[in-house]
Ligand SMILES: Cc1cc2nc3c(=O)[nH]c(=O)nc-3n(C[C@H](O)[C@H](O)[C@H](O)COP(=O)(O)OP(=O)(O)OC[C@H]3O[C@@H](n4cnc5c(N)ncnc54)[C@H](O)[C@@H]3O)c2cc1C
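In structure tokens, the next block holds one chain alone, the form predicted alone.
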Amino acid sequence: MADALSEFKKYVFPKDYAELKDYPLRIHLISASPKILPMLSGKSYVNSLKDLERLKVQVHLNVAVQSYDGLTVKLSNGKMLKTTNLIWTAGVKGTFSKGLQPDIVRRGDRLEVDAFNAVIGTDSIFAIGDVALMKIDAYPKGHPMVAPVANQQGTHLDKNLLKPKNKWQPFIYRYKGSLATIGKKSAVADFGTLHIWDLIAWFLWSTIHLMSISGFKNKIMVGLSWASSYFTYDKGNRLIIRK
């Protein structure tokens, strides 16, 4: 979000709003965590921080937002930021049907499940993905709330349900790596001990996401749209036209 706003400031704002090109637009990224992208390696953190600084994003770490009154953001370190625009990205929260016992609901509205994704205390209710919390030694706080976990749990549960219960296998998450973009031409990627960054990681991120789109026609259309945006910096028509 921060790097997208930075590129909006650099490429779109001066063109679409020429009369406001000298407006002092500043972008602050506030995180209560000691580092950004905490799920990635230390190298990825350092490189992503450099990219954000290159994009002139002011990063505030180990700082939480205490309050916002529509004009002023008050931070936990006592600092005040004057702004009328605050974008809050608070993560993911599970959503499930009513009627389940409240003692199985954990932080983030996730349902605690066993190694077979069965909801604790039940034998015919299963939960996968963001709504499931499976506590194991490798993930004491549950698996990451990302699409690969949900995909693997869904496939694994499907195979188990087609077998007698005494032949079920516990779920084991197969980590295939993590990617994150920072700006239009930069990204970071971790694959075990292998770390990739900058333009190569960005092309890798683009390729993987393009291949994950269903349908050959959709891949072509999205690929052409991305290529056009990459070379022209065109963000599409943002005008609302009424009679």
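So that there is no doubt, residue numbering starts at 1 and follows the sequence shown. Bear in mind that the values here come from a model prediction, so they are computed numbers and not experimental data.
Another form exists, predicted in complex with this ligand; not displayed. Remarks below refer to it.
Heavy atom of Ala147 within 4.5 Å of this ligand in the predicted complex: Heavy-atom contact with this ligand at 4.5 Å: present for Ala147.
In the predicted complex, Ile128 touching this ligand (heavy atom, 4.5 Å): Although this ligand is absent here, Ile128 would touch it in the predicted complex, with heavy atoms inside 4.5 Å.
Close approach of Thr95 to this ligand in the predicted complex, 4.5 Å, heavy atom: Close contact exists here: in the predicted complex, Thr95 approaches this ligand to within 4.5 Å, heavy atoms only.
Location of this ligand contact in the predicted complex, chosen stretch of 148-156, 71-79, 161-169, 133-141 [non-hydrogen atom, 4.5 Å]: Correct option: 148-156.
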